[in-house]
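Read on for two forms of one protein chain; each stands alone as structure tokens, with the labels structure 1 and structure 2.
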Structure 1
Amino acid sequence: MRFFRRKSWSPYIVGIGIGVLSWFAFATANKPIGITSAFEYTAALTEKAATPELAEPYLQAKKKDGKTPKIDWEWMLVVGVFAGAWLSARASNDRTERTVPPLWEWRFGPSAPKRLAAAFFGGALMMFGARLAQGCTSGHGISGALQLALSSWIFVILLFAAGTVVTFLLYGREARDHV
């Protein structure tokens, strides 16, 4: 039990754990682990209910591919990620209700609205990009990469290149001393 109460595990242990978990996902559900298509389906179901004419072209196109938005395995996986992280943070007393991370505060100041606006905008842009590419750091970066998909290796290399460039532009080289 003490192992589960620890605040952190070696990144290699965690990596092995995620690798074995991907075997489990393929063995039990024949599915790769991913996060963002659940958000797309939630958005599609919401628009279908609220503004059907807006969702119609999307739904028609997906129907042709034999896909219908639904509450599926992956949707529950996302709920599980929240629950699992909550359990882990509770077990190790590693919870924080911080709004402004210290590194952000060092660069952009203590304003909470500023941080939250950036989080909202960054999250929206990230999700839009993920759906354009049909995957994220989990769906492409881990599940696609381990299946040796061409699309996933292009995605993961470009994502880290873009993220690194933008981070250096935003934070500057000095930020390295504040990590």
Structure 2
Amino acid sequence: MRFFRRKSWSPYIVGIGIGVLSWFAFATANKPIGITSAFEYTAALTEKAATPELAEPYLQAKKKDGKTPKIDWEWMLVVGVFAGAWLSARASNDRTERTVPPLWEWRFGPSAPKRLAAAFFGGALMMFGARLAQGCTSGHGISGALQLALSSWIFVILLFAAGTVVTFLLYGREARDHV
């Protein structure tokens, strides 16, 4: 049980675990791992309940693709991300009450509302990009890469490249002195 109390795990062990989880998803649900579709489908169902006439073109397009928006097992992955993060933080005693991380504070100041707004905007931008790419980092980066899908490998390469560029644009080279 001490293994679960570590603050960081071997990336090899984690990679094997994710691979096994992916096999399990394909074996039991015949679906790749991914969570952004859960948010897309929830938004579509919410729009259908509020204004069915606006949702109809989207629902018809999905029906042609053989997909019906519904709340399904992918929401369990969403719940699992939050539950797993919470359990990991509790087990490892690696929790902080800080809203503003030190690196962010060094670069952008101590404002919690500014940090939360940036996090929300960044999350919204990532969700937009994931839906534009028709898959998120888990959908493309894990499931697609495991299936050797060329589009997923291109996605992963561009994801890391863009992450590197944005990090340098936000924090610059001098950030490594403040980590």
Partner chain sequence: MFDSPYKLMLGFITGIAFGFLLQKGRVAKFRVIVGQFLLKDWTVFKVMLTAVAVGAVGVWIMVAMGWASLSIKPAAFGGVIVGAILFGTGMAIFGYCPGTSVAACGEGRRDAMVGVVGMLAGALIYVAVFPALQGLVNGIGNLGEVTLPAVTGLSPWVFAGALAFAALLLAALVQRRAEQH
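All residue numbers here refer to structure 1's sequence, counted from 1. A quick note: this is a predicted structure, and the numbers were derived from the prediction, not measured. The term rigid core refers to the most C-alpha atoms you can superpose between the two forms while keeping them within 1.5 Å.
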Selected structure - the one that is the form predicted on its own:
2
Is there a C-alpha shift of 2 Å or more at residue 71 between the two structures once the rigid core is superposed?
no
After superposing on the rigid core, how much does the Cα of residue 97 shift between the two structures, in Å?
4.0
